[in-house]
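Just the one chain here, the form predicted on its own, laid out as structure tokens.
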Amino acid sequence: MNLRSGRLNGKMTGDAAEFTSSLDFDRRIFQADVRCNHAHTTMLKEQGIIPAEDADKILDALDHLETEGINSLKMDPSVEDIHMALENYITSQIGETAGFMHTGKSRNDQVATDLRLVLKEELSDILTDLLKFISNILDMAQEHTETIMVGYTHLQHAQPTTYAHHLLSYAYALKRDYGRLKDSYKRVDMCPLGSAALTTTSFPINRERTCELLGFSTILENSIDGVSSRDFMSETVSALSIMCTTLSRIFEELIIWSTYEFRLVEIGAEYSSTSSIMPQKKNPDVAEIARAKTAGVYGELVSILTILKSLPQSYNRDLQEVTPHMWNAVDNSHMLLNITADMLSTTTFNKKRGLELAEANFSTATELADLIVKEKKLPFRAAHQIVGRTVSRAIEEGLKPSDINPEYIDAVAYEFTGEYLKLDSELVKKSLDPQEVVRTRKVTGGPAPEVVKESISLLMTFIKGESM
């Protein structure tokens, strides 16, 4: 069938046909297009809009096509897109009766429906894998509730924490990513079929029925919006981009932590490479490439927004060019999600090094200041000054936190207050011990082992609820 034969004279040039064709990425929506036509034809039959016997021929041919697969279609630029290729196939099977299949619908609402159907499936897979990743993180965290490490701000030693507590920071960020994607799914799960070209149709179609047959939650209530809206794409890719930011930060930490200077983690050999000239090297190549690939997802989002921002209502062929950017973002972000999950599971944490770093550089100083406030009722800012000067002097003298005693603190405190604090030596010792400090952090969200275990339990309950 040649759509041009009615209104237009002659054929497009080969270059023009290839330039405007969407067949390269239409393969992805083949199954959805069959389902869309099947649902629409079923509705036309039920509404008495087309003869039942003709509808049955179309439905049988669609079933046969689904069995045979996409390779049975003639896929060349002369047919423009998957929709015409499919219609041509049905025509070759049952003759001109196939033309009834297009009654009351347009390629405009058909492609919009197909894209939503496929994206729903893709999002469902990503959401499932996100839950698996969070679950794997929880399994890792359970093994490290008392594994001490130093936490960082500005990439400088800050306060002692545990590896489990740090892993949960990933889990909660991924939980929010899950929530954003699940929320995006609601806007994808809306059926535009029946919008036709842009103003619906004079045939008495039943949009609610096709919505039900295709498994959508609701219909798009305005037909112009139905054929021209692609905000569901930009919203989805935006949520995926934010998820990729979470993943990239994990890559970044694995890269930094695996250096000799940090020596906190060892990445599995299956996610590493060596140098072509330096035989001692173990390079985190997979993490580095993955970190770079997240930028590609952001690029797809910018491309989508830039295409959409200048389009008048309703349908414009420019919309065709949004689709490959969306699929690229979906594929790459899903791949990045799974590679992050797999790679993180191969890493081993160096417990000895974690404790060494936590003990090395006065990461417990805040607890010492808190001790002064609790025991001597000084304002925190005064305690902050005393401890800050104590740490500065100790570093100059090459002392470690374990070398600090009440007398050393008093020498500094006297300079500021004119009085000695006379702190209990056992309390000072505990306040400078990373393990003891972590145990005191029992506030919700903190690193104390019992608090972390409670967080793990709550996240497991969340995952179980979402998986049902």
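Note that residue numbering follows the sequence shown and begins at 1. Please read these numbers as outputs of a predicted model, since none were measured by experiment.
Missing here is the form predicted together with a small molecule; even so, the following discussion is about that form.
Contact between Glu266 and the small molecule in the predicted complex is not found at the 4.5 Å heavy atom cutoff. Mapping the unseen interface onto this chain, Arg107 counts among the residues with a heavy atom inside 4.5 Å of the small molecule in the predicted complex. Among heavy atoms of Ala98, none comes within 4.5 Å of the small molecule in the predicted complex. The closest heavy atom approach of Thr246 to the small molecule in the predicted complex falls outside 4.5 Å. The partner is absent here; in the predicted complex, the one residue of Ser303, Thr201, Gln320, Thr347 having a heavy atom within 4.5 Å of the small molecule is Gln320. Shown without its partner, this chain lists His83, Arg116, His325, His165 as candidates; in the predicted complex, only His83 has a non-hydrogen atom within 4.5 angstroms of the small molecule. Across the options 250-258, 108-116, 185-193, 271-279, residues that bring heavy atoms within 4.5 Å of the small molecule in the predicted complex belong to 108-116.
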